[in-house]
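Below sits a lone chain in structure tokens, taken as the form predicted on its own.
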Amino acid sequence: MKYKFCQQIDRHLCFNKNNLYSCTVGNNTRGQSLPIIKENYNGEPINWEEFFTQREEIKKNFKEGNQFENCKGCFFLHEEDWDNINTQREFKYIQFSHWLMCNSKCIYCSNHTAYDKSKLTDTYDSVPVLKDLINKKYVNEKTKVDFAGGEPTLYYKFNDLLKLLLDKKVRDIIVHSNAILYNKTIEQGIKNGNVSLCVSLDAGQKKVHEKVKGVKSYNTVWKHIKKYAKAKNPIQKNYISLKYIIIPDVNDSEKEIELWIKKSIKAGADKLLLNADNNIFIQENSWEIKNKQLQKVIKLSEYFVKRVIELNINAKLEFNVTAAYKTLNIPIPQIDYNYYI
């Protein structure tokens, strides 16, 4: 029997500051809030039998047409014979995003906690639960692991987590970093082909970068990106990805995107990502303002697609860009535009 359900709920796990989620995409759901799997989580051991029983109950509710309220209307819900796929217990995707502190002040970010050295251990230790997941074989070489945040390299257990995954030979690890700090464990993972790095630059010019990031890190970040790129073995399938988030009235120009593309290629990036500010979707603007912003996102996306095709660069349109197309019912350009899941 086919019914609407979602791979994220079925096989994903997200460690957040206070809760465990099965989903990391909140901007297209009702109320922009995520379905919570476990509330008030603080790193304690997890009863996995209880967890999987709960997940099966959620699946049963979806089968009977009783969706999470927050999931209604989500683009990721689709019909499958969910009872006969993904019958094992391995997680396909795990995200560590319970570290919110950051040494950058991006104007589009509402999730980070300002950098404060006195609070460097102000979150739970997720190493024991990862060890448990590995020992029980719920995480294996095929699990995709994503480090977000906050700035992951500031998390006091980051190196321990990453080394555990590298020792397990997990093949697909992505670290989202602002690259202000250089990390040797990331470098080793890049060399091995296990780690892909994603850095959101959001600008081509120094003055725009500083406006977006709120800190003076432009030269440092580009220097570190070049160093990470030199560590990569070109025959490996991992990526040095550089991202550009379109922010209305800040960096939303073809000129700025063009400068970013050229500088990214020169720095050794092998994948370019285009996204849009989440605030376009969640702020309570009039439809006239929102429509204008979405139209601008699409115009800049068309320019981006044209340029990466001309330059033969591996590229992706990320979720908020594809959501702009879907919201306005416009066909999405045919490049690698699937959201990473």
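When you see a residue number, it is the position in the sequence shown, counting from 1. None of these values were measured; they are calculated from a predicted model.
Separately, the form predicted together with a small molecule exists; it is not shown, and the next lines address it.
Only one of 121 to 129, 146 to 154, 231 to 239, 163 to 171 places residue heavy atoms within 4.5 angstroms of the small molecule in the predicted complex, namely 146 to 154. Listed residues I245, V221, I186, A269 were compared with the small molecule in the predicted complex; I245 is the one with a heavy atom within 4.5 Å. A heavy atom within 4.5 Å of the small molecule in the predicted complex is found for exactly one of I257, V250, L133, C109: C109. Among residues of the shown chain, S264 is not one whose heavy atoms approach the small molecule to within 4.5 Å in the predicted complex.
None of the heavy atoms of V139 is located within 4.5 Å of the small molecule in the predicted complex. Contact check for S301: no non-hydrogen atom falls within 4.5 Å of the small molecule in the predicted complex. S196 falls outside the set of residues with a heavy atom inside 4.5 Å of the small molecule in the predicted complex.
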